[in-house]
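One chain comes next, on its own, written out as structure tokens in the form predicted on its own.
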């Protein structure tokens, strides 16, 4: 029997840190490397869905996690070999209210993913920029967390808060949850602050921090408007090279986990 896929929550409660950009480009790179990948968009802003040109692809994560339908019926095939997507929907913004008082509401996503776990080697959960119900569902369903952090001072405070949430989820909902890696994004090597932030994160999380630094890049900002990953939009860019290197690091860590 095929081994169950590993579920990763890509999470940061702070917006604008490159979380969806990292999730999308990792998914595309892993699929291009021969891995069978499922990306689940849990953000009602639907940014991952748009970035992969998957709007209007059919049913969404709302139809499963909130309405109780089969998640398999929400899976849409992307035009990229090896990559499937569960799109999001703006209606997901009301999930916290609609599921209020529902027993086991923190495990809705985990239970929905269970029948699909043997079909994929990697399942990436793109979380909303908050610590609300959808992020809690992602952390309860995941084996590990990938945390993108912008190279600025306030990001360090956000990391501390997120680590506290991960610890709480581990103690109450998901004892096996771990930190897979931290990705530094929007790095500008010309500024002392960016280098200092990287050094500070490395000091606290030397094993978890990925070596690859994702540069600030206009191409990363432009690619989603064309429904493309950075590899499709500008494959010769420094940003594409950085996400390739991050993908290679990711695969090595994944293989080391067995």
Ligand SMILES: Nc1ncnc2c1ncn2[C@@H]1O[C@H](COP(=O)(O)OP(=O)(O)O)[C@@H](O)[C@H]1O
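Predicted model, so just to flag it, every value in this text is computed and none were measured. Numbering follows the first chain given and starts at 1.
In what follows, reference is made to the form predicted in complex with the named molecule, a form of this protein that is not presented.
- Proximity to the named molecule in the predicted bound form, taken as a non-hydrogen atom within 4.5 angstroms, holds for one residue of 65, 26, 42, 214, which is 214.
- Partner contacts here mean any heavy atom within 4.5 Å of the named molecule in the predicted bound form, and among 66 to 74, 33 to 41, 220 to 228, 193 to 201 they occur only in 220 to 228.
- Residue contact with the named molecule in the predicted bound form: residue 234 places no heavy atom within 4.5 Å of it.
- By the criterion of a heavy atom within 4.5 Å, residue 17 is counted among the residues contacting the named molecule in the predicted bound form.
- Using a 4.5 angstroms limit between non-hydrogen atoms, residue 95 is distant from the named molecule in the predicted bound form.
- Using a 4.5 angstroms threshold between heavy atoms, residue 186 counts as touching the named molecule in the predicted bound form.
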